[in-house]
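Form predicted on its own, single chain, as structure tokens, below.
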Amino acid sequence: MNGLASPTATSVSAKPRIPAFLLNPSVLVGGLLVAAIVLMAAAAPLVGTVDPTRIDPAMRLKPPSELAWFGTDLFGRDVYSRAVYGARSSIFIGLCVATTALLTGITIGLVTGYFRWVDAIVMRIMDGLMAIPTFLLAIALVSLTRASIATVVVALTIPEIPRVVRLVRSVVLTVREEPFVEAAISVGTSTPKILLRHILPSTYAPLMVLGTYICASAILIEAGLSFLGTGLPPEIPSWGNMISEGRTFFQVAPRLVFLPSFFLALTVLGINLLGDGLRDTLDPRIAKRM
């Protein structure tokens, strides 16, 4: 009796198991960086900012002071406030592009991978979309409509959808031959239930990694488009707009470029670290080697 542990003692001593990805240093560091940027964007009015669109010609290109921590730009706007509010634009666009591309790509990829007769038609369309350069598509959409957040989101989402479709399709082609899928078919399970309950869960791990890549890529490309003048309107606080406006006065006031560039690099670094960490822990082949 003494050598046997009681069920009560075993249940008390048992500790909840921490998910493996939470123990990955890349996930922790990347997650903290992303959380800090998101928290800063959400609490922008509470972190010592002023109206980022307020123009004051008398304060034009003023050096850092108590009133403007990182000085002012060529229109007298507070650089720090514009950089903090610019995080809202970048994060919103990154999340919208990633979410839209994932939802659309999952739907098309599931149908394409499961129904063989759809595969040849849809994948040729996806190949054509992948051949469209993102920058040229954005320039074309802006010239046909007008510069706005919606235009940028559409321009960045269209080239990303084929990548999601190809990933989901490859998973579906593998999983649909598994015994549990064949068993579900044999008992008369409807096609939507097979796709959503049996096949879709197998795509979660690679899609989480791909989603972080799409989000980081969208933030970078949006900054590049705004820098070229084909992204967000100049009145909207954006890191790309700030870098574009500050490049003319870089030798006089390099802070106009350094601060938005720092926030941009920090955000993309955090998202990439998070994606790399998730890949290392969620990919069974890499996890075994680790």
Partner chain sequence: MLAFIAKRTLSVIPVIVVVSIVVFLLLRLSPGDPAVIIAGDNADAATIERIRSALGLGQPLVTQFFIWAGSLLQGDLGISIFSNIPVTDLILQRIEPTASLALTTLVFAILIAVPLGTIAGATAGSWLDRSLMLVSVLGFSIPVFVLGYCLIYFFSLQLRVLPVQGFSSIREGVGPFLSSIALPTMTLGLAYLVLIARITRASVLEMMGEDFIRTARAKGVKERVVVTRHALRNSAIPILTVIGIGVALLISGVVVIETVFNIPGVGRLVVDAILKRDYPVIQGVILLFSGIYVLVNLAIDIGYAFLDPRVRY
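Numbering follows the first chain given and starts at 1. Keep in mind the model is a prediction, meaning the values are calculated, not measured.
Keep in mind that the form predicted in complex with its partner chain is missing from the display, and what follows is about it.
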Just checking whether residue 133 would be counted as a contact of its partner chain in the model of the complex - the rule being heavy atoms within 4.5 angstroms.
yes
Under a 4.5 Å heavy atom criterion, is residue 140 part of the interface with its partner chain in the model of the complex?
yes
At the 4.5 Å heavy atom threshold, is residue 229 in contact with its partner chain in the model of the complex?
yes
is_contact(residue 116, its partner chain) in the model of the complex, heavy atom dist at most 4.5 Å
no
Which of 107-115, 69-77, 83-91, 123-131 has heavy atoms within 4.5 Å of its partner chain in the model of the complex?
123-131
Contact set, 225-264 vs its partner chain in the model of the complex - heavy atom within 4.5 angstroms:
227, 228, 229, 230, 243, 247, 250, 251, 254, 257, 258, 261, 264
